[in-house]
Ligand SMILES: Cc1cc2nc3c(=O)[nH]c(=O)nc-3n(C[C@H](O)[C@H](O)[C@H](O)COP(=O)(O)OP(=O)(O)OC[C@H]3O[C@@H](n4cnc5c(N)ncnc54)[C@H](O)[C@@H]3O)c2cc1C
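Take a look at this single chain in C-alpha cells; it is the form predicted alone.
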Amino acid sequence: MSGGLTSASAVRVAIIGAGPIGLEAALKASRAGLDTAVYERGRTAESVRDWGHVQLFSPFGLNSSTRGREAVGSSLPGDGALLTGDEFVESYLEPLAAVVAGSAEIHERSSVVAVSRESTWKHQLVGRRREATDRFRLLIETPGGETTDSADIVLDCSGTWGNHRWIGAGGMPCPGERTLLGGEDYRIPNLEGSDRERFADQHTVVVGSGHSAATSVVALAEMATRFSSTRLTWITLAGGATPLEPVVDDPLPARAELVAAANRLAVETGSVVDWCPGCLVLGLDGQPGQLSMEVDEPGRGRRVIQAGRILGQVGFRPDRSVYEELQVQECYATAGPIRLAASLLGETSTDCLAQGGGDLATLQSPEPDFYIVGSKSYGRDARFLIRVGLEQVELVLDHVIDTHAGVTA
C-alpha cells in the first residue's frame, strides 16, 4: 500500500473502518473526486456481522443516507423497516460496499495499528499544530505483514465494538475477570442459534444497565419458558424503581417495548429474573461453566452468586492507541474528543434520539485534518445512533471538500 497514491498532488483520504459510517464517508469522499482508501480489520461491516442476530430498534431510514440509498438502488428495505444486523449487511452494507469499491480502495483484513505525522512528532508545534504541512503516516497490519500508507486527511470511523469495558467495581477488571471471561461474554448471545446450548438450563448472571443488557434479559427469560432450569440474575449498578428509565412518548416503539418488557421482568412477583440493583462485582472464581461471583449488594452485604454463565454487558470504549502520537484532546470522563464530549455532557436528555452529532467545531481537534467520526466520537457515552454518524460525515467531508479539493459533493 505504500506508494498507492494516484498522483503526487492527489488529495488522499484514509478512512479507518468499513462499517456503516466508514462506507458512507468513503462514498461521499470518492464521489467528490478525493483519492479514497478504506481500511477494515476484518470483512466489510465486520462489527455489524458480529451482532447480526440482534434487531435494531431504530428504523432503516435513520441508519442510511439518501446518497447511499440512491447509490444502492432498488430492492432496499422500507424506511421504517427494523432490521437485524445480518439483514442490514445483506440488504444495504454489502451492496453499498460494492458501489464504493468502484471509486475507492477497500482493504479488508487490514488493521490500522497507528497514525502519526510523517515528520512532525506529537510534542512539536504545541498550540500551533496547524502549521504542520507533512502528511499522515499509517501503519497497517495485514495477513501478509506490516505496511504503510500516507494520507492528507484521516477519518477514524472504527467505532468501539470489541473493545469492551469491565464488570468489576469502579470500572476496572475484578480479580478473575481477565482469565475467566472471554470476548464472547461481553456480547449479546444468539440464543436461537449458535449460543443456545451454552445458556439453556443454565444460571446466567447479566451485568449491565443498558439496552444490550435488557435485550439479553428478555431473550433469556423467553428461553426459560422452553428450558425450565434456566435461571437469571440481573445486576445493575444504578438503583431505582426499575432498571431502565423509559423515554416519555418514545418515538421508537421497538425500544419502548424492550424497556417495558425488561423492567416488568425485573420487578414482577414470581419472575424468572432476580434483579439486584446497586450491586458491585468484587471478584470471580471457578472455571467456565462453574463460576462464583462475589458481590456487594445494598441491604445484603457481601455474598457469592454461583453461575454457569456471566454476561458483562457494560458497554464499550474507544481504542485510543491508534492516534496516541497525534494531538487529540480527550474528555477525562468519556475518552471521546473533548469538544464534542463537553457538548454532550451539557445535554440533559438520556434519549439518544435527542442527541446531535455536534457542529464542525466540536469534531475538530488540535490535529488538523484528523477526525474521529461515528460511535468512537462519543467515547463511553452510549447515546450514539448511526444517524448521528451520518450527520457527522456530512459536516466533516463538506469541510474537507471545500478546503482541500475545491469541489462540491
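These numbers were taken from a predicted model, which means no experiment stands behind them. Note that residue numbering begins at 1 and tracks the sequence as displayed.
Heads up, the form predicted together with the ligand isn't pictured, but that's what we're talking about next.
In the predicted bound form, the ligand stays beyond 4.5 Å of every heavy atom belonging to L232. By the criterion of a heavy atom within 4.5 Å, C157 is counted among the residues contacting the ligand in the predicted bound form. In the predicted bound form, W166 stays away from the ligand, with no heavy atom inside 4.5 Å. Taking the partner from elsewhere, T36 is found to have every heavy atom lying beyond 4.5 Å of the ligand in the predicted bound form.
Stretch 105-113 is the answer when you ask which of 268-276, 73-81, 105-113, 118-126 has residues with heavy atoms within 4.5 Å of the ligand in the predicted bound form. Taking the ligand as it sits in the predicted bound form, the stretch 313-327 comes within 4.5 angstroms of it through a non-hydrogen atom at just one residue, V322.
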